[in-house]
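Coming up is one lone chain in structure tokens, specifically the form predicted alone.
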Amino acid sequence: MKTIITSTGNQLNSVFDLRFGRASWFCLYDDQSGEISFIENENINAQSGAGTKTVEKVVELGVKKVISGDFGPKAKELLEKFNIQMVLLQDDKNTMQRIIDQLKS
């Protein structure tokens, strides 16, 4: 299953970004292949609709779980529509590596 984690940077030691649609980066983790990659958020500076545009990207990537600190109402509605699990974390000190390690355990 593919999971996206919102991130402030593009490395495993980057810290968790509490924002969904306006996160700087997305850490894409595939628990079946073990692959980890980073995708720059092209919607970070969108005038409006950053959350819904980000959901479109999530669907395009075949992601089934999103970990972030918050989801706007429109993004949340779309994620529910596509049966994508939303996980809320509030610790913005967590690194991508630590979150992925928790997903593996």
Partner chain sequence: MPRRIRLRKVVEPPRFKGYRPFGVSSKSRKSVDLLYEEYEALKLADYDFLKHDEAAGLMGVSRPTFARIYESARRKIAMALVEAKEIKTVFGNAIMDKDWYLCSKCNARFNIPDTMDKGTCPACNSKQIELLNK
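Here the structure is a predicted model, which is why all the values come from computation and not from measurement. Positions refer to the first chain, counted from 1.
The protein also exists as the form predicted in complex with the partner chain; that form is not presented, and the subsequent description refers to it.
At least one heavy atom of residue 85 is located within 4.5 Å of the partner chain in the predicted complex. None of the heavy atoms of residue 13 is located within 4.5 Å of the partner chain in the predicted complex. In the predicted complex, none of the heavy atoms of residue 57 sits within 4.5 Å of a heavy atom of the partner chain. Of the heavy atoms in residue 80, some are within 4.5 Å of the partner chain in the predicted complex. Contact here is defined as any heavy atom lying within 4.5 Å of the partner chain in the predicted complex, and by that definition not a single one of 19, 37 and 47 is a contact residue.
Contacts with the partner chain in the predicted complex, taken as any heavy atom within 4.5 Å, map within 1-37 to 1 alone.
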